[in-house]
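Just the one chain here, laid out as structure tokens, in the form predicted on its own.
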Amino acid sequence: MSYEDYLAGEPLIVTAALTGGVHGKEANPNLPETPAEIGRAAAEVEDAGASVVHLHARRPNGERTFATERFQEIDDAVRRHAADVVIQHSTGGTGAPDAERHLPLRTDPPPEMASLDMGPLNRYDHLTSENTRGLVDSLHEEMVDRGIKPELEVFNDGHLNEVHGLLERRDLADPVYATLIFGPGTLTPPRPQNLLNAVDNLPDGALFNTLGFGKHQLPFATMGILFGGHVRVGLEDNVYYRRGELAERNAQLVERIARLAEELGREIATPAQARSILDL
């Protein structure tokens, strides 16, 4: 994808990352945690223009869980409130045993998409997500078996090598879909030239999604719109609407991207268009 795709009017897929698994209501009391809260948030972001919801699961006390049963509760709630939206489960996580990372793939029906982290990631001072090649391959194998499209999460430039390595080891259905992630720590430094460099190093024909952590969410989403990519926003990655002002809800962040896309001449994809673009 490229600036030419933007000029050609390719519809924009907006993914809303509703809750995450690290920070909770202590960071923003408007962050949804229970299945009912996540279901209502999914309906709001779908109305605002999101066609994909990226989901994590939490225990009743707010802590993260990979349990299939909890993902099932969340999916059931999302489908009651937002029947048409594309459901994408997270399989990423810090400090979780490999076996647990497979559990989000085993709901009935399975999610249409799931994240697949391309390599190691440090979070804060004491959390590391290893994401060995063995784990990546085993998660991909189960996704193929259950008809789930992987969303390849690229946390830094070295993970671009891992994307090409995965393509050498495994047959990935076209189009390859990668989320390019920018921010602090072991993420790619959030500089515009690094986004262009990452896009240039993707496999031919790959589609990309842009994700900037914290204050970088809005500028990197804007660049994603202009460079022919797709975008992810939401309280998982950014709890603020602007400096010093907490976001009131996930939909507020999606609404802003929808307004920007309209001003920039980019149509927002419906869930049906997103399924067509991603070949779900």
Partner chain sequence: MTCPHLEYRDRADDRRFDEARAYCTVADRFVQPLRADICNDRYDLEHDRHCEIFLEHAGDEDRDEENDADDGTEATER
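Residue numbers count along the first chain shown, from 1. Every value quoted in this text rests on a predicted model; they were computed, and no experiment measured them.
In what follows, reference is made to the form predicted together with the partner chain, a form of this protein that is not presented.
None of 109, 97, 184, 147 but one reaches within 4.5 angstroms of the partner chain in the predicted complex through a heavy atom, and that residue is 97.
Exactly one listed residue, out of 223, 36, 27, 43, brings a non-hydrogen atom to within 4.5 Å of the partner chain in the predicted complex: 27. Of the candidate stretches 54 to 62, 250 to 258, 228 to 236, 211 to 219, only 54 to 62 has residues whose heavy atoms lie within 4.5 Å of the partner chain in the predicted complex.
In the predicted complex, the partner chain sits within 4.5 Å of a heavy atom belonging to residue 126. Though the partner is left out of this view, residue 271 does not reach within 4.5 Å of the partner chain in the predicted complex, counting heavy atoms only.
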